[in-house]
Ligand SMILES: Cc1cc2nc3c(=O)[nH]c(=O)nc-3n(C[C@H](O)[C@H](O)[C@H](O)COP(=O)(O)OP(=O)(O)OC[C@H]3O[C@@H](n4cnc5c(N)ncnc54)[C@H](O)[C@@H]3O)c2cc1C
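Only one chain is given next, in structure tokens, and it is the form predicted on its own.
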Amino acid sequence: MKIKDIISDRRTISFEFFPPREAGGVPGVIDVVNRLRAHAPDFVSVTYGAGGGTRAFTEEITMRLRRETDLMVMAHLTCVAQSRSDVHQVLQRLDAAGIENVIALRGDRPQDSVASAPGDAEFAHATDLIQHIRSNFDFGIAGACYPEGHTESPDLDTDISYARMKQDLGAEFLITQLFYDNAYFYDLVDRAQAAGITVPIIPGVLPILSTPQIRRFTSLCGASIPPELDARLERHADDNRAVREIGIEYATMQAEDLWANGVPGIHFYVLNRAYSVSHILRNLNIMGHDGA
């Protein structure tokens, strides 16, 4: 089943996990996924390391979830610093395993790579990957978009033009980068509509777990932290438990507002932790949601 068909039927809740750096961490990721299954996610996804750095574990977890559970699994695929042949072979393996949905991303170039790394000339952008998938396979395709603009985009108009290109080349829905001010998401939706984007745009919500961690994440992806929230995080910078509770409270507030404003779904970046997302969903009272 294609995720686009689920979105057309109801509002969705979905979870994103990341692969471990070592094989011994795979069971732990599977355990977290199984703990969160009680919340009846409409789909789950597993991220893909820069340059395919952890792709073997991504594929293993993705295929195990497809084989061993009833979860709808969306595979992540990045194309930077990889050859067309390598990417095509991954897609073939996913297809053979019965994976029906892929989110196509450029990905971040590994820090030790150079501009002429393999794959750069073949898949310079996520749009190149989307076009290749649509031309050669029958996957449901998702793309990414950026409420505050991609860090490499010169301006928001250019940024939204790439999102429109993703739609035109075959992306059936978009998932946003993290953000902490919902106004950025609503502005993105307005700009997208003005640019002729008609596919659903699902907001991505990342519950905060620690002050240093979220500052690092936001600095890397170009997202901002509202001053009031930042001040609260600073006051408790050395108390991760307190920050986790702040994160639950803030993400609940974000999600309540988004849900009330009719978003097509919410995609939670769970960071392989069940506690925060479970509490947020209980706060929202949408466990086993019916799309209302």
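Note that the structure is a prediction, hence the values are computed from the model and not measured. Residue indices: 1-based, along the sequence shown.
Omitted from view is the form predicted together with this ligand, to which the following refers.
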When you measure heavy atoms, are 207, 252 and 273 every one within 4.5 angstroms of this ligand in the predicted complex? no
So in the predicted complex, is this ligand close enough to residue 127 to count as touching (4.5 Å, heavy atoms)? yes
Contact of residue 153 with this ligand in the predicted complex (heavy atom, 4.5 Å): yes
This ligand contact in the predicted complex: residue 144, any heavy atom under 4.5 Å: yes
Can residue 159 be called a contact residue for this ligand in the predicted complex at 4.5 Å between heavy atoms? yes
One stretch from 132-140, 90-98, 174-182, 210-218 that, in the predicted complex, holds residues within 4.5 Å of this ligand by heavy atom: 174-182
Between the options 84, 191, 164, 106, which residue brings a heavy atom to within 4.5 Å of this ligand in the predicted complex? 106
Suppose contact means any heavy atom within 4.5 Å; which members of 64-90 contact this ligand in the predicted complex? 76, 78
